[in-house]
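One chain is shown next in structure tokens, namely the form predicted alone.
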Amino acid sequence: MTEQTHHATPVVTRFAPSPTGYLHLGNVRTALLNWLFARRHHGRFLLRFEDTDQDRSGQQYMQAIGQDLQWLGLQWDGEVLFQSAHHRQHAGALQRLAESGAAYRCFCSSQQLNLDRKLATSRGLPPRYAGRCRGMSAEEAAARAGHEPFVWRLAVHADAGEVIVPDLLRGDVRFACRDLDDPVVVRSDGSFTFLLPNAIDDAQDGITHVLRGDDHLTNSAYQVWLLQKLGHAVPQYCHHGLLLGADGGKLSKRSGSASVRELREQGLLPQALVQAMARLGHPNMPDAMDIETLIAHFDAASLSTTAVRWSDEAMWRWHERLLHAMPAAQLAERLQGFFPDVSLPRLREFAALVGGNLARIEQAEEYRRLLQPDAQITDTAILSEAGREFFEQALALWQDGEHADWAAWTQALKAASGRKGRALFMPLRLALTGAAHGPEMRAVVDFLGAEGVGLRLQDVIGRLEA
């Protein structure tokens, strides 16, 4: 199936999280796919908090989710929306459904419901609601409601008829009403479940497309049913395969489900998460690093209908690629927190030197000696093995003025010390950079200059004297 690239009405998608925790990877995928679809079709992407659970919803989570979306570059259009602002519309929709017989009160206890499910299962039937309260008159239901707890259910189950869910990936998904349940839409405490408010909000907000996991496919059937009962337009759905952990199980801390907040604290570049996530279940995405390419080639109809596995390794590989491609001036700004006493111009030179050797920004700490002549050295045993005399020879040859570049200097030192290969070059690399691996040494010498090289050799000689 090929996704339509032109739409009769402007595309409007949404990300509608419950603000009961921090943004995690499953949330990110939902937000990203809806954002990409909207941008691909020059539409609008809305942020709506489903905040009707007042006991669990937190202002701090709303703020954090908004900040994480902006950090990822997933800017929404217009003001932030709140499900709680539509309470009157939710209540009105329920009343209309009840008046038409499409919703009814159910007084069955949890014990009765469990008994009915067990009985159905023992007969080889699906554990659906038995329909005990469905035929109750409105007068009897109203009278019992004054002194008995009850829930509201949708009267979906029927011997005939079907519900058709329009889906970009799967075509028209047909549900026979006899296979559907009478789902609860209002709990006994008077609070709405997910089904009705989510669907009514989509209608109120003019949502044209809903991209979400295939675990919502049956929910969509119920929502299509109630939207049609109320005379609302039905959005186009796209039920893609679920996001699983690296081990194939449900996303968890162990399988890579860190919160976006935690990834930010780890120094992850936001586009690394976006790039890795956009390619999951989307096999034809070009191997480019700019967001414009992701938007231009995003095709919702090409998304995988099967589950996909998350990979922290893939995300961090994108981080490394983006880090290596980052301009030195931009990298220098990120390095200021590690080296607050170093001037920005010097940090730019440092970034240009070591940027290609970093897999993560914090690894720049390993090259602190390039900025501070007395900074730590990773392997002092190699310095000791080379010996004080070797470094004194190296310093003397460097200072004689005849060996002012790396090639001439090391050639002369090779002749004077009798060392060659790793035995010659590794002690010098450690002495000058502090690390066993890193930038090309000609560039290191140019960066340090005559005085910088001399200071670091003198520091090593002093250490070996001690």
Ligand code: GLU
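All values reported here derive from a predicted model rather than from experimental measurement. For every residue, the number given is its place in the sequence shown, counted from 1.
The form predicted together with this ligand is left out here; the points below concern that form.
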item: Candidate stretches 367 to 375, 168 to 176, 305 to 313, 210 to 218, one within 4.5 Å of this ligand in the predicted bound form by heavy atom; value: 210 to 218
item: 29, 68 and 259 all contacting this ligand in the predicted bound form, non-hydrogen atom within 4.5 Å; value: no
item: Proximity to this ligand in the predicted bound form, single hit among 23, 457, 12, 16 (heavy atom within 4.5 Å); value: 16
item: 4.5 Å heavy atom contact, residue 194 to this ligand in the predicted bound form; value: yes
item: Contact of residue 275 with this ligand in the predicted bound form (heavy atom, 4.5 Å); value: no
